[in-house]
Each structure stands twice: as C-alpha cells, then as structure tokens.
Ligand code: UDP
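Below, in structure tokens: the form predicted alone, a single chain.
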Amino acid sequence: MSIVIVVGTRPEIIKMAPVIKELEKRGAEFIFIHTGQHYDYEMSKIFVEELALPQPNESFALENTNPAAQIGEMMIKLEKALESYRSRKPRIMLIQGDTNSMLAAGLTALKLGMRIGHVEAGLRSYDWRMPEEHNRRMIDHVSHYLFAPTELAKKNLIEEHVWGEIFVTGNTVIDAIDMYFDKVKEVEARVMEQIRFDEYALVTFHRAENVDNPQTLRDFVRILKKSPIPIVFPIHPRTRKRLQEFGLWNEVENIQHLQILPPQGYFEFLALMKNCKVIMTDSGGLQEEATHPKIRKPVLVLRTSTERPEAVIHGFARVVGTNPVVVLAELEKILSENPKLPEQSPFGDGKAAIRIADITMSRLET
C-alpha cells in the first residue's frame, strides 16, 4: 500500500514539505506528484528544489486557465499518471488547501476508490465570492481524514456534519518555518541589503476578487500612495498585469516611498517578513506565518473576510477591507500603538507533520 501526495502551487509545496520530510524519515512509500496552475508551474518547480524535497515521480503543468476546464484537465492527467502506479496500490491521497488543482485531485482520488487526507481542513471564510471557499468545502465533504489545524476549524467541520474522521493537528506552515529558519538567516543580509528603507510595511495583493476589480485596484493604489510608512511590494504577475491593463502602472511606479520587488523565494520572503514593521496582505498563508514566534508581526488583512479568524482572535490580524480611509486609519493606529503580540502561534506547535504522518501510516493498512 502506498500514499500519493499531490502539490501544485507554492503554498501547497511549503505546507506539504514537512509532511513529505516526515514520511521520508519513516521510510514510508509514497508517490509524489507535482502539478501546477499555468504561470505558477515554473516558479513552484523551483520551490521543490529550494526546499530540498525529492524529485516528483510525476510532474505536469496545466494548460487551461478557465477554472472548469482546469479542473477537468487536472482530473484527466492525474488519472492517467496514477494508472501507471497501480502495482504500488495507492491507498491514501494527501492533498493540501483549496485550489482548483486540489479539488480536482480529491475528486480523482474519490473516483479511483482512494481515501483522501485533507491537510488544512475546516477553514471557512463564509464568503461565497471566493473560489477557494467553494473548493475547500467540497474537498472537506469528500475527505476520509480531515486534518484540522485548530479547534475552530474542527468546530466548523462538526457543524457541517462531514462524514470523515477529524483530527486537530496544528498547521504545517508553522512546522515549515521551524524546519527552514536557518536558511532564512543565510539569505537575510543579502535580502535586506537591497531594501531602500530602514522601516517598512510589507505588502502583497493578488487575489482575483481584488485585482480583477478596477475600483478595488484603484483603492489599493490610493493606499500605497498615502501610506505613512515606506512600502516594500513583491509583486505577483497577475497584479502587475492588471495594473497595466487598468492604466495604473505608471502611477504605481512613480510612488517614491514604494519599492517594487519581483516575486520572492520562500526564504527571502520570510526574511522580509521578519524585518518589516507591519504586513498588509490579502493572502491567507501570510496571516498564519506572521504568527510564528520568530516573526510575530501585525497584519492588516486587505479583504472583507478571513478563513483564519484565529489570527484575529489572538490579536495578530485585523480585517480591514480595501477602503483607503479605513485601511490608512488602521495602519496609523498600528504604527502608533506598536501592539504587543502573543509569544505563541494560535496555529500550532510545529508538530503537525508528525501527527499527520502518524495518522496516515496507521490508516494505511486498515
């Protein structure tokens, strides 16, 4: 009996890395499949090498950008790939998160009679505009083993009457930072040399519901222009494209207190987080990473909802939307308050991968 591990985007690779390392350590047999959503494929392939993970047994990029076609293409390619491993009796598929490729992987496993283990189960934003919300709910309802990062995530799953087994494991993102933090220290001096400012806010902005909306993107540019603190902005390809399409790129390029960076590697990005004053983002994963004891940074969530309410409850994050007046007022408040943040992360103790590996291995023979 063997385990199948499917990853696609960079966050999935980061969050699955501790599980892969743990299974390797135990000599477990697994089939490692790397797939990718178009432009992210090459970038995420580099991440596999950077995190010193084994070479994937199978690797393919998805050609389609239309969500429905992408899910269909992924299911066809994945079924074909798994067909060649039938002799290894793939029994459990581990998937992470809530992208289209993870939903496709889960549905494929289900149709092939495999059991599904969902890492990071039970996250809910209750915001139906987010494609990820549709995906994560569907994945949770077809999963056999639900690895909830927190008690709150477990509560969501119980309330929805999922039929799989629920385990609270912590979030593997905390394990990953523990595991790779020495690498961050190696690149830190080089990363910080290129930053023009002594103090800065680290900003990321890339979600479809934000950057595909011209008004929201204009509001975002106003926030950048009026920020009371210099900004370092590693820019996502999608965001750059939309700023150019909506005629906002020149405006952004001319902001004196803004430094635009290309997309960063994992270690480089953590170094930027560790040294910033505050984070402004619409990313989900950053809300978790900011709570790690070695980072501990306040976060303004540039969205109207979050599927990581634990970060808000414990004082790390504030959901502020994208209205410039509100965001700038909250930014001023954080800069003047210098909030005291908890010493521990609400997302776990760095042992999530051990728990996930224990459960997966124990279920493999049953």
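Don't overthink the numbering: it's just position in the shown sequence, from 1. Everything numeric here is computed off the predicted structure, so don't read it as measured data.
Another form exists, predicted in complex with this ligand; not displayed. Remarks below refer to it.
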**Study point:** Contact at D178, K274 and G348 by this ligand in the predicted complex, all three, heavy atom at most 4.5 Å
**Key:** no
Practice item. Scan P90, G164, P230, G265 and let me know which has any heavy atom within 4.5 Å of this ligand in the predicted complex. Key: G265
Point to revise | Region of this chain that lies against this ligand in the predicted complex, out of 140-148, 79-87, 153-161, 205-213 [heavy atom, 4.5 Å] | key: 205-213
Point to revise | Any non-hydrogen atom of I116 within 4.5 angstroms of this ligand in the predicted complex | key: no
Practice item. Indicate whether L286 is a 4.5 Å heavy atom neighbour of this ligand in the predicted complex. Key: yes
Exercise for review: Indicate whether F32 is a 4.5 Å heavy atom neighbour of this ligand in the predicted complex.
Suggested key: no
Point to revise | Touches this ligand in the predicted complex: F60 (any heavy atom, 4.5 Å) | key: no
Review point. Within 10-24, which residues come within 4.5 Å of this ligand in the predicted complex, counting heavy atoms only?
Key: R10, P11, I14
